[in-house]
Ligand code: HEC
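The form predicted alone is given below as one chain in structure tokens.
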């Protein structure tokens, strides 16, 4: 054992269950514990894969079983792998972890390359079309894939207040080798990058009243920020509920989010989504063999939900660095915290006692905001309009490169750094973007240092 680890051990420091050491520090500033008691003090390649520190006994065993289901490939039915077959007939990936690599963020393709796992494409048209609402570029033998999806990156230049140039890029999507006929002229295509999995159980545990208190749809306080909740159908209850997951907050809870991903990404049915994602006219898809009814049974779905619910949040780092502290002040002065709310508290009635009454720092309000025409996908989703997006949590942002070996952000991965992401902000965030653009180079560096500490 190294001298450093010996000293830590003498201070009562615990070892991280996946083999990465971490400080269970007492008396630290509360915003360091981004996930409350669901925080781990680690910053290595496995930083997004840790269970809650307090998870034990049968809950810990269920977490491991859920991890196995999350990372395992599903296969075509019928197969000898009972309980793991039914993939497709149309699909984008064979495993949850194919998109959420190391429980982290997906990556877009290089210029001119075919879309890979981790970036899906939602489509819709007022005229209707013979495809589903999510394009599937893979299929089982005997079933034509829906399309080949090529992404071209188009550059555009912006100049900051001090004259510094920044090159931005936007995606141009080309749909080729269409398997089921032409698409309508008014087709709306929305790329969606797979987000990180950390802290989802804590976000689910926030009471709806807390989110509604943050709403200001009519901008009554006059600050230019008018977040509002998306209300979507909870399939288990048949009632409307606040959406809090997905880029447009179109899923109300982790169970429905997971079931929707099983169907949309892998073509696997659940009791919440019992019908294969085959559209009218896709006869080969409709006639393909199934892997059971449903293909993902209730126990399997619950294990995956349990796994997602208890993935912990890495602690904030370098909080005592003067540059980080200055950057935090600039973040507030820019009013970025008007949407990226720093903290909130989970409710008292939650799925598990470990999730209850936790002060967390996700840097999100989980509400919809108008982000302006440059980020618009022009595709409504529930109550969300074509210019609205849910505020994505910022916790874990600075570890993205460590975990996933890339720094792609925003809903379609167009931003190659937090700075590029800021410079795409418009609408309700236009004033914050303008503030950032007016900063000196040194101040912008401090701003980025703070974001990288999250």
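Positions refer to the first chain, counted from 1. The structure displayed is predicted, hence computed values, not measured ones.
What comes next is about the form predicted together with the named molecule, which does not appear here.
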Pick the stretch from 274-282, 191-199, 207-215, 159-167 whose residues have a heavy atom within 4.5 Å of the named molecule in the predicted complex. 191-199
Which of 257, 124, 269, 290 has a heavy atom within 4.5 Å of the named molecule in the predicted complex? 257
Find the only residue in 371, 351, 175, 242 having a heavy atom within 4.5 Å of the named molecule in the predicted complex. 371
Classify residue 230 as contacting or not contacting the named molecule in the predicted complex by the rule of any non-hydrogen atom within 4.5 angstroms, answering yes or no. no
Against the named molecule in the predicted complex, would residue 316 count as a contact residue? Criterion: heavy atoms within 4.5 Å. no
Residue 49 within 4.5 Å of the named molecule in the predicted complex, heavy atoms: no
Check whether residue 358 has any heavy atom within 4.5 Å of a heavy atom of the named molecule in the predicted complex, and answer yes or no. no
Looking in the predicted complex, is the named molecule within 4.5 angstroms of a heavy atom from every one of 117, 261 and 394? yes
Within 89-128, the residues that have a heavy atom no more than 4.5 Å from the named molecule in the predicted complex: 92, 93, 95, 96, 99, 100, 105, 117, 120, 122
